[in-house]
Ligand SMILES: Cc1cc2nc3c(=O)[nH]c(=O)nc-3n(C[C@H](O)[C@H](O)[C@H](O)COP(=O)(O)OP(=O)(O)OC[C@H]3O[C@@H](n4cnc5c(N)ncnc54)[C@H](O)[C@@H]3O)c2cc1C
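Shown here is one chain on its own, the form predicted alone, set out as C-alpha cells.
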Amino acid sequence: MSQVPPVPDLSDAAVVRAIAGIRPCRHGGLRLETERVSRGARTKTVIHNYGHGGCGVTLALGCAQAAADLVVREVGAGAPVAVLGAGVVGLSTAVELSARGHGVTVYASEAGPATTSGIAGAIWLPTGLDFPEPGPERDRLNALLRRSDELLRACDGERWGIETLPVYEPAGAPFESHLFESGAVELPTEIAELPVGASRGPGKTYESLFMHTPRFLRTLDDLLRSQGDPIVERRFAGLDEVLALEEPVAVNCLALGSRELFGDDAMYPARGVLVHLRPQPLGYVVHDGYRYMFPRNDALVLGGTFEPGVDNPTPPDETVREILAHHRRFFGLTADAGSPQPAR
C-alpha cells in the first residue's frame, strides 16, 4: 500500500517571510549569440547569454555549454574571458569556461544566493520564457532544454541539491503543451484522484527534476573558487567600462542589466511574489500555473505571481495573504494552526 503524502503546515506560525523576485524576461525569448561591440577605437567580442525568464536554473547548464562553444569559436581555447553577472546563468557559464581551460573573471554586483536565482525553488520546466515560432530557433531551444536536462541528471544529486519529485496539478490548472515538447519531461498523465489536496479531485501528474537552488548555487560558487577564478564585485556604469576590460571576450549574463548596458529594449521585468515557510520534507510538488508549492531544503516555498512590467521587489501584503489563502483552500487548512477546516 502506497504511503499517503504528508499535508504541509501552512499556519501563520510556520511563515518565515514574504519575498519577491524579479524575473528577467525577454520579448522574443532567449538571446544566445555573438555581437561585436564598438565605441570609438574600442571593440570587444561579446557573447550574449540571457533572457531566460523564469527558467534560468532549467536552462543554465545547457546554455553555458553553448556559450562556451561560441567563445572557443571566436577566440580559441584558453583565452581569458570576462563573465558579466553571477546569477545561476553567469556562474554556470564561468564554471564551464574554467573547466575548458579558460582563465575566467566574473564581474557582478551580487552573486549566487543574493541574486534572483537564489529566491525561488526550481522545478525543471521552461516557464516564463518566450518560445520562438516553429522552425530552426524553436528546434535549437528544445535541443538546449534536452541538453540541460541531461547535464542536470548527470550531477551528483546530493552535492548539487537535485532530486526527482512527483508533480501534482489539480483539474483546471493551465496546460501549455510547448513546455513539454522537448521531450525532457514526459507529458502529464490524467488521474481520477489526486493523492494530495482536500477534495482529492481529479488532476494530472508527472515527474520532474527539482533543484534546491541555495545548494545548487553554492556548489557552482565552490567549483569556481576552487578553480582559482575570482568573482570581482563591480557594477558597470556604461558600455565604455565593459570595453575597457582587458579580457578579449566578455560573456554577458546580466539579464535585466542588458536593457540598460547593451540597449536591449526587449528585456522586461516580471515580479514573482513568494511566501517562505519553515522547511518541510514533503517529497512532492503542487503546481497550478504560478500558484505552486516547492519543498526546498531550507524553506517550503509558496508561489506566486507573474506580474509583467513590475520591478518593485516589495511583496504587497494583499498578494501575500491571497497566496496563503489559495494553498490553504487547496489543502483544506485554516490559518491558526494549519489544521483541517470543518466539513461543510
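Note that the coordinates shown come from a computational prediction; the quantities given were computed from them, not determined experimentally. Numbering starts at 1 and runs along the sequence shown.
As for the form predicted together with the ligand, it is not shown, yet the points below apply to it.
With the partner left out here, the ligand still marks one of 81 to 89, 133 to 141, 218 to 226, 174 to 182 in the model of the complex; by a 4.5 Å heavy atom cut-off that stretch is 81 to 89.
Within this chain, residue 150 is remote from the site of the ligand in the model of the complex, having no heavy atom within 4.5 Å. Contact annotation: residue 170 falls outside 4.5 Å of the ligand in the model of the complex, judged by heavy atom distances. Among heavy atoms of residue 203, none comes within 4.5 Å of the ligand in the model of the complex. In the model of the complex, no heavy atom of residue 94 sits within 4.5 Å of the ligand. Screening 120, 71, 145, 104 for any heavy atom within 4.5 Å of the ligand in the model of the complex leaves a single hit, 120.
Within 4.5 angstroms of the ligand in the model of the complex, the stretch 250 to 275 places a non-hydrogen atom from each of 253, 254, 255, 257, 261, 272, 274, taken in sequence order.
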